[in-house]
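Okay, here we've got a single chain as structure tokens, the form predicted on its own, with questions on binding and movement later.
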Amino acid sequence: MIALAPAPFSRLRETLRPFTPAKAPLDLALGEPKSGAPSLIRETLTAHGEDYDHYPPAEGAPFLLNAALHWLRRRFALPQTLLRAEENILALSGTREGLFLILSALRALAPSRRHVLIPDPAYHAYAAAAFYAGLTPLFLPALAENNFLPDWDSAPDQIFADSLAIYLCSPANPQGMAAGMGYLKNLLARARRHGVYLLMDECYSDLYLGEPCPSALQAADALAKEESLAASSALENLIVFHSLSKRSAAPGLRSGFCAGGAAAIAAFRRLRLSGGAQMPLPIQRASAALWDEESHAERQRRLYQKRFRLAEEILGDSFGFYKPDGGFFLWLDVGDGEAAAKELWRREGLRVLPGAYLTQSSHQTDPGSAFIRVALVEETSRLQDGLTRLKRCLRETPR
């Protein structure tokens, strides 16, 4: 069992603590949307305030599960037969809760499995989930030469056969690249051959910059048709996770859901009924209203498309800038991410996240150490000022 690395933002606070910034702070590290949550949330909470009088169903009220189901069908053009709300969908108090707890639920289904496969770099909750579930995380580097996606073919069959689950985020945090249908089908088919659960973190999938990013649910449906599988078998080793934090700019709502094979969802439901956080009924009402409404999500997409165009104008010739497939992060090659983060904070008051704080591997070359992650969540004028100062500061700093 490896030691668990400190949480990225705890580590960042300690790194920056000795320095007093020369200018007013501007946070470009935290991926917290600042565009304002839709008014639909407050309106719905007010209209259903009496529902705070009742215990909420931990698995999600039928109206919420059906709203999630209908959104999945619309967004990913899924057939009516692939998912059923009561069997295949489970409400979550934010996807971090689900991504963390899911391994404990799945261990009951496959107690002999020892490993969890995780991209490197990645969201820190994946490695923490493995650690606290008593499993050993194995990290596969996500490098530029592979479009910042792990090369799963590099992992031998024996590793797959001994693994309980695979985590994959698409579009990825931090690099923003999305797995295509061929990639997803190949990974899902291999996971199925070895009895491994594929855990797809798709919380950025509605923040696409060009073509809509595919879901692993579409890959499962395609494989089922190719192999003439029943719908119930198509999803048996797959769970996808979705959130309103990014799509609806509502991180404080703490609302998401997962969808997947009936046996895995049933095991997860049993765990959450025993100790999971219940989402209050008014919040479930507001969540359902958001999944049913598309115009606010479209506004969010246009907003981030505009911010990436701004970033390209300012940084397009610097630090390996590229436009990702989705999300709201820049992944910039600055030579030494931690040194750059210190300098940006000290000289400009700009808070960015060193890429090494998102890696936990023992690879000979740390796949995140040269990078910083920059969140494009500030309003336009502040973001323009921050990116301009970032470029000037780093160009004046020897690499």
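Here the structure is a predicted model, which means the values were calculated and not measured. Heads up: residue numbers just count along the shown sequence, starting at 1.
The form predicted together with a small molecule exists for this protein as well; it is not shown, and the discussion that follows is about that form.
The candidate spot formed by Y123, Y126 and S245 lies fully in contact with the small molecule in the predicted complex, as each residue has a heavy atom within 4.5 Å of it. Site annotation in the predicted complex: the residue of N237, T95, S163, Q284 reaching within 4.5 Å of the small molecule with a heavy atom is T95. The single contact residue among L106, L99, L187, M279, judged by any heavy atom lying within 4.5 Å of the small molecule in the predicted complex, is L99. At the 4.5 Å threshold, heavy atoms of H115 stay clear of the small molecule in the predicted complex, well away from it. For the chain shown alone, C169 is a contact residue for the small molecule in the predicted complex, at least one non-hydrogen atom being within 4.5 angstroms. The shortest heavy atom separation between N88 and the small molecule in the predicted complex exceeds 4.5 Å.
Proximity of S205 to the small molecule in the predicted complex falls outside the 4.5 Å heavy atom cutoff. The candidate stretches are 75-83, 246-254, 268-276, 146-154, and the one lying within 4.5 Å of the small molecule in the predicted complex by heavy atoms is 246-254.
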